[in-house]
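Have a look below at one chain only, the form predicted alone, in structure tokens format.
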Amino acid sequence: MISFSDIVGRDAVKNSIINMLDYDKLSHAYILTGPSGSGKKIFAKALANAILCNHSNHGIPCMNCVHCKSAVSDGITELYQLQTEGNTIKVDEVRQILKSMSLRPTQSNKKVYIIFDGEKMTVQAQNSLLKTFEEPPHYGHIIITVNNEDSILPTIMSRASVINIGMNTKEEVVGFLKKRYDDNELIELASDYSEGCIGKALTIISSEKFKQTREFSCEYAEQLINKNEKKCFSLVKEVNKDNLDDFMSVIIKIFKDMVVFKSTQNDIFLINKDKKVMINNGINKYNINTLLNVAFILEDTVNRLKQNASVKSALDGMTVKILEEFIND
């Protein structure tokens, strides 16, 4: 059964939540925020188990009460979880939760409902939560995990306790990976690309798809450096919604490596150490201001994509601007 002791790092966040539990200052609604792979699901389950345990001690379940014994044996508990594989969580799904919450608990003193990927809730689904958020039953608690706070209505955010679960340090990510893998070079790369998200690091280190996207992205970066316009536009056509985030992440880190290496002349800070020849090629061809301008173009493209700009037009425009920077250097 998951508890806060299973969560790596994030001590300040864990202690804050545990203090709420110890002093019985629980909210009826929590929104846990953080990027994908940062551990929101494990936080939600740890919080739910601590709430449902009749004798939890400093956030650690007792393992002897009805909830704990049932949870360990996969029996009936008062923990309900809503997770969809689709693109949306519809109003009827949320209404089922609210209908269930109207019935008093029988296995524990409380009932907890977790809605994973809360940004998938339609506006109607979110609005259906309002009455329960305003007049919750004393035994009921709802926990919602969210990647993107902007997708949640302000009326919902204002009626819940919002907790940003934070991210792990690079040292914590590396330490976690080293218990499971022995390829130090791959561990280092995964920890740098994970940006403090252990879940993301695990995906990177075990994903053939990420490795393919990274190689493809590095080829695009190399063609940019060589000002091969035709090849650049040909490559960028292969980017789609499935590999877009990884593509942009790799490109940004490649050019950040160039900026840092150009500034420090020290390869110890390189993320993409295995691409040092390409990075050297870039810093030998272009001055620091040009490389900084490219980094700004990349960040601006990410912002445009977050605002739902067309993938094709955003990446084509990015390619044109970067090539212009290199041509004018």
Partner chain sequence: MKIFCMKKDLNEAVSSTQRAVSNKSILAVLEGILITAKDNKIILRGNDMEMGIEYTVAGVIEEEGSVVLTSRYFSEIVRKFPDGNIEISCDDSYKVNIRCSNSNIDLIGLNPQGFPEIPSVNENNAITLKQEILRNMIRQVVFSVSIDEKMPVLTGCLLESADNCIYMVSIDGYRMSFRKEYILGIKEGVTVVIPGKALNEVARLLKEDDKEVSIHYGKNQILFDFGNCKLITKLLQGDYLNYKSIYPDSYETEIEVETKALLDAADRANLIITEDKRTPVKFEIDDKYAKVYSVTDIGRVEETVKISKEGKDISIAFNPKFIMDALKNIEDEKIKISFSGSIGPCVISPINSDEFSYVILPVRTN
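The structure presented is a predicted model; accordingly, all values stated were derived computationally and were not measured. Numbering follows the first chain given and starts at 1.
Keep in mind that the form predicted together with the partner chain is not shown, yet the notes after this line are about it.
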One residue of R104, K241, R180, K237 in contact with the partner chain, assessed in the model of the complex (non-hydrogen atom, 4.5 angstroms): R104
D92: touches the partner chain in the model of the complex, heavy atom cutoff 4.5 angstroms: no
Y80, heavy atom within 4.5 angstroms of the partner chain in the model of the complex: yes
Touches the partner chain in the model of the complex: Y139 (any heavy atom, 4.5 Å): yes
Any non-hydrogen atom of D74 within 4.5 angstroms of the partner chain in the model of the complex: yes
Partner-facing stretch of 218 to 226, 171 to 179, 199 to 207, 131 to 139, counted where any non-hydrogen atom is within 4.5 angstroms of the partner chain in the model of the complex: 131 to 139
